[in-house]
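In structure tokens, the next block holds one chain alone, the form predicted alone.
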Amino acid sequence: MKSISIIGAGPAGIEAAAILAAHGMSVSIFEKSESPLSNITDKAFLFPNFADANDLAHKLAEKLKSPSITQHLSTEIVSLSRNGKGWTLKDNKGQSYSSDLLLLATGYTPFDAHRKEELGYDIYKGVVTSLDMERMIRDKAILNSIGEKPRRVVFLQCVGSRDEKSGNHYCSKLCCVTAVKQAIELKKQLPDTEAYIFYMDLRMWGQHFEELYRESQQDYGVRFVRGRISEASGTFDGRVQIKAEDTLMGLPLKMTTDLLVLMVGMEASVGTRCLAKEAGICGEYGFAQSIDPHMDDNLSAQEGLFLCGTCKRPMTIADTIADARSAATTILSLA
């Protein structure tokens, strides 16, 4: 019976682990956090159908109960190397683990909004990230900096994506629809609150995404402004003043808002960057590089080392799970 180590207990790692275990493989899954699925459990609802994120997390966590899966939580893998025909992993405590095959599912990390200092994150209390807003929505506690229900909320797209200053020229793929989803959720909880979305261009590429965009305007009164916010500053009453340009009108714009929500993009996680570099499969922007994005997207240039999920590029949760199933099928066909 072949053994496989999977680094990362997110949706990709867990879905692949469950399939491989069901087909007779001995699976060890490693997660640096105390619990799996941290990038799902910090969400409220999922687009495009507003499914409860906790329900999906519970269904995925149930798949870890297979007797063929050994979990190693609070275990950060810091190095990997070939060992004959297999692989040896070492964690941050110096312990080593060996297996025949290895699957990298180390995922992503949200862009650090502190790097966009001009937008005032962690400087002005009314500036929050999309993850902060997700928690507010989940806890039904959407409040401004002085603990009151906001009268106006502004969402800003492409923070840390498609941005030369941050060094990320790529689109993070999820921010447009996430802003629309969050604006709808905001209006459901606080119908009288104004919601604005500032965008460069809207990339509503997925099934039902365009319908969600139309619904946000027609049914919830969400307003869209084509333009970039150049600067945010605090006001004496705890609100946030933004300076922007309406690029459709070609005019400068000033607006005061109770909350400015920065839609942060996706970057390669620290684990992805370090392990991909060590394995010699580091691609653009620190993501892991597959052999070919069309026919061999789960294969790496290293024998016995496979890839799945957002360690390769930004993906939706649905795409991540589908990619994990593809990886498992690839591994089973070659094992």
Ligand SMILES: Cc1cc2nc3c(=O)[nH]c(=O)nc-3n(C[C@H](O)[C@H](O)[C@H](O)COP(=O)(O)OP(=O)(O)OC[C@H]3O[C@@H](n4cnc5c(N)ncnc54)[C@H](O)[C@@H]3O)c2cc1C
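Note that the structure is predicted; figures quoted are calculated from it, not measured. Residue indices: 1-based, along the sequence shown.
Below, we refer to the form predicted in complex with the named molecule, which is not included among the displayed structures.
For G227, no non-hydrogen atom is located within 4.5 Å of the named molecule in the predicted complex, even though that partner is not displayed. When contacts are judged by a 4.5 Å heavy atom cut-off, L46 counts as touching the named molecule in the predicted complex. Heavy atoms of E76 reach within 4.5 Å of the named molecule in the predicted complex, making it an interface residue.
At least one heavy atom of N39 is located within 4.5 Å of the named molecule in the predicted complex. Put simply, of T257, S130, S99, N144 only one has a heavy atom within 4.5 Å of the named molecule in the predicted complex, and it is S130. Shown here without its partner, the chain carries Y108, S269 and L275, all of which come within 4.5 Å of the named molecule in the predicted complex through at least one heavy atom. Note on the interface: of 63-71, 296-304, 27-35, 282-290, the segment with non-hydrogen atoms within 4.5 angstroms of the named molecule in the predicted complex is 27-35.
Residues of 145-161 are not found to place any heavy atom within 4.5 Å of the named molecule in the predicted complex.
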